[in-house]
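We begin with a single chain expressed as structure tokens, specifically the form predicted on its own.
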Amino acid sequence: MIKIKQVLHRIPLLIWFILLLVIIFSTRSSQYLTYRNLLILLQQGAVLLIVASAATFVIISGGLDLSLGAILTLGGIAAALAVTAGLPVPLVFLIGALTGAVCGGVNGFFISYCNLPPFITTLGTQGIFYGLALVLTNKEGIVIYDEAFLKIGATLDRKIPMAFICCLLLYIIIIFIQDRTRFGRYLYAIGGNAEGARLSGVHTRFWKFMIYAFAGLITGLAAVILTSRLEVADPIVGKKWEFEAICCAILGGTSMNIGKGDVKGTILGVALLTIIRSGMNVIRIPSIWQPAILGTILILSIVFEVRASMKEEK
């Protein structure tokens, strides 16, 4: 009995909250726990998981990236242009990834080598990237008809979303990079004590630059998957994605106190936000109120995280 209590105590509070929401929403609609709705949830959360993982890396390092949504948009447009030009799917992924890496690298350069604040820098580049997206598309979406490319966002014969499989594989790679590589070790070292890391021989400017570039790269890959799923590259599709990604990272246990967090917890934040969004539709909350509710969740999550950090310090 004691062992059972110990096991239950180790389960994160967020998981219990997620289960509670699932029970509440399922009682309000018989369609909520159906296989069809589960597939929709997987498709909705898959791309957000990758963008939230990018946000998690940046926050752990002590930074902030408000341009992730714009990078997602620009990466998707670059992929769409590559598809319409007749390039094969592997090259389309490469172009999307490079577009994201370049955008992230721009952020990293100004933050690392020019010592500009991350908030101001990424807020500025957000406008630049969205501006480029509007120019490249002439303010209109790029519709995609290439069947080979659209298979990425389609479902397999067993009804498993291909987009979910792609994002899951990418997420596993991200976890490996965090836990098993020098890049991951430096990520925490820079976030925990950048000056101490520098005195220990870590080229902090370079690695901070690489953190932003890597965040942009995986966001660019997510953009390709999202574009295939939507079958169109919209010049404003990434609006508010950066805030949802930050929210998921914080809900998943990543601390704004820098140097604390784990991308493995981010999946819980994504699950919670996805369930809440779908649940609001199930219980028919008007769409005009949904952004306010999600914004309230973000604020409360930050307040909760800050109070928890203060208790740990005491």
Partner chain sequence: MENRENEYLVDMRHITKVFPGVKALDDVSFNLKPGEVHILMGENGAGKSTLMKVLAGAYAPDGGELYISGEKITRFDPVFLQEKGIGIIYQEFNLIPYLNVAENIFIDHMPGKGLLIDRKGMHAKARELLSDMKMKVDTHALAGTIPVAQQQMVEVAKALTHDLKVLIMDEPTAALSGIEIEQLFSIIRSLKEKGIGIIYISHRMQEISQIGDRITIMRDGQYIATHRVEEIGTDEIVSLMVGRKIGNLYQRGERQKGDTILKIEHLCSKKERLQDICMEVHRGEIVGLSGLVGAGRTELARAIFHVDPYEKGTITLKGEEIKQKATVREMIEKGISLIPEDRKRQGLSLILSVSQNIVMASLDSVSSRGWLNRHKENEIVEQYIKELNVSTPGAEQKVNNLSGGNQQKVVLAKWLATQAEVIIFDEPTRGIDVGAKKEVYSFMDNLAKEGKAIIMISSDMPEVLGMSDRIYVMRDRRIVKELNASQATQEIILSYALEGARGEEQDDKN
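Numbering follows the first chain given and starts at 1. The model shown is predicted, which means the values in this text are computed figures rather than measured ones.
Although not depicted, the form predicted in complex with the partner chain is the subject of the following passage.
- Between the partner chain and the residues 93, 188, 149, 130, the one pair within 4.5 Å by heavy atoms in the predicted complex involves 188.
- Look at 215-223, 135-143, 174-182, 100-108: in the predicted complex, residues with non-hydrogen atoms within 4.5 angstroms of the partner chain sit in 174-182.
- Although the partner is absent here, residue 84 is not a contact residue: none of its heavy atoms lies within 4.5 angstroms of the partner chain in the predicted complex.
- Remark: residue 114 does not count among the residues lining the partner chain in the predicted complex, judged by a heavy atom distance of 4.5 Å or less.
- Contact between residue 198 and the partner chain in the predicted complex is found at the 4.5 Å heavy atom cutoff.
- In the predicted complex, the partner chain sits within 4.5 Å of a heavy atom of residue 203.
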